[in-house]
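Here we start with a single chain on its own, the form predicted alone, put down as structure tokens.
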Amino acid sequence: MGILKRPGKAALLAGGLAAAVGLTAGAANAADEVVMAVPTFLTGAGAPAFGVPARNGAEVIIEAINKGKLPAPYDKSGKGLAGRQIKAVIYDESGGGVKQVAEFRNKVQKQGVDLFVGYISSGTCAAITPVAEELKMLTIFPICGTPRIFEEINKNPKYVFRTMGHATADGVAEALYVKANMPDVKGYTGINQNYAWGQDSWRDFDLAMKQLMPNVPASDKAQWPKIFSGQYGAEISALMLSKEPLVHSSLWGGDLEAFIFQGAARGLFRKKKLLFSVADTSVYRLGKKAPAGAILGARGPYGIFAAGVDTPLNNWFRKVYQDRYSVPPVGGSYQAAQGVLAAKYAYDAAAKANGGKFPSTDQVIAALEGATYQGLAAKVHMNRSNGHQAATKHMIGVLEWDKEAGGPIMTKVTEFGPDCVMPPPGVNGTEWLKGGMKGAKC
């Protein structure tokens, strides 16, 4: 089954696929199960390239957890979360922060949800964070990228975790890659969505470039389209006319793909070097239409970057995912699954510390705080923001088309350690960048 391109079908199919992992809307929590809410984009521009693959990745992992069929290092951990089956409530993240806060309250107060593992949009996560703390609901963000979650909105989290690095890691890795591979670049500009994720992505890349390549000028006319606008004629014209040869972009989902199609038609990729933060999500969907020669990231060691990770867990995940969906897993697939694995690790560790008895939410939180657990492609270190913010290794490379294999591959890949690209524990990312990235271990 391929990743669905029409959001309407994605939403309709969610109910059918969900039955395989025990999804139901509004069932009361039984004594032998844990109700896990999994919000992700099932409709709209965020669905085809990101939200639906994220759902697919979560479903693959949840099904295996419930059957006790995960490979090493989880092969001896038993079924479910501390022995209880996961009942997954998968629902649509579309609609914006106000709608999602209402959904969150409804799931907690009326539907008996035990924890949340989900959300993609930085704007949604920013809206949900204070509400999760207010309602004392364990919430694991597997994807959203804004550093503001723990640096501004909630500096002392208890119930909210994020199981991947944030935008500062992306910006630093990208700037390090540019310095090493484009030492003579004459300037850079950008096109980023005008909300938290886009703003933070550009800010952190720009600040990192000012530290690492202070003589390379940044454009004062970077482009700021509205999220999910889908039309970029004016922005592409501005980029074509700009004197800067390097274009930074954190566009994602339907926005990313629309920009690639429209930019290719105008010859943008022949004239400019593109640096995309999260374009791995679309390389399989676009095939030969993806911009070969562009610099790509996946916000960590995910998606196409994990294709060569030879471990039982990763090999199993890629095979099961591809057999089921007829396409390899992308960044969102890995990231969502990584968030579910965090719950698996924490519940099992808490039960062990509790003498084998099913743990309380506080015990699960204590087990996850500061933990290091094995993700699908790399270890996840929960060692920032009082143990609630993850750090992982990061990878950047150049996209090319492999004629022999008939598919996209990453070339000229550079790997950066977590302590190279993430600010040290207790240090604000913006202040760290402005201060010269002191303590970075590269």
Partner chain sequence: MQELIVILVDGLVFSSYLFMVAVGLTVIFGVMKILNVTHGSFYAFGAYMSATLIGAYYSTDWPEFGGFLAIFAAALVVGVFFGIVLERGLLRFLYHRDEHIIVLATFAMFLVLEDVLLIIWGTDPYFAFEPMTLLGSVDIVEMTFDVYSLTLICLAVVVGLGLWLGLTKTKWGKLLLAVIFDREVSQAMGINVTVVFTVTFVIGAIMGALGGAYIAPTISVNPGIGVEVIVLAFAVVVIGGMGSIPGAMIGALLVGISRAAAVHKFPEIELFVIYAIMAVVLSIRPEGLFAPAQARKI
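If you superpose the two forms and keep the largest set of C-alpha atoms that fall within 1.5 Å, you have the rigid core. Predicted model, so just to flag it, every value in this text is computed and none were measured. Positions refer to the first chain, counted from 1.
In what follows, reference is made to the form predicted together with its partner chain, a form of this protein that is not presented.
Using a 4.5 Å cut-off to its partner chain in the model of the complex, not one of I62, R84 and V380 places a heavy atom inside that distance. Heavy atoms within 4.5 Å of its partner chain in the model of the complex are found in exactly one of 297 to 305, 169 to 177, 223 to 231, 350 to 358, that being 223 to 231. Taking the partner from the other structure, its partner chain in the model of the complex has no heavy atom within 4.5 Å of any heavy atom of V320.
Although the partner is absent here, T43 is a contact residue: one of its heavy atoms lies within 4.5 angstroms of its partner chain in the model of the complex. At least one heavy atom of S237 is located within 4.5 Å of its partner chain in the model of the complex.
Under a 4.5 angstroms non-hydrogen atom cutoff, its partner chain in the model of the complex lacks I396 among its neighbouring residues. Comment: its partner chain is not present in this chain, but in the model of the complex one of A366, L274, A258, A371 has a heavy atom within 4.5 Å of it, namely A258. None of V35, A391, A58, V52 but one reaches within 4.5 angstroms of its partner chain in the model of the complex through a heavy atom, and that residue is V52.
Contacts between stretch 269 to 305 and its partner chain, counted in the model of the complex as any heavy atom lying within 4.5 Å, involve R285, L286, K289, listed in sequence order.
After superposition on the rigid core, the Cα of I236 moves by 2 Å or more between the shown form and the other one. Superposition of the core reveals a Cα shift of 2 Å or more for N194 between the shown form and the other one. Relative to the superposed core, G267 undergoes a C-alpha shift of no less than 2 Å between the shown form and the other one.
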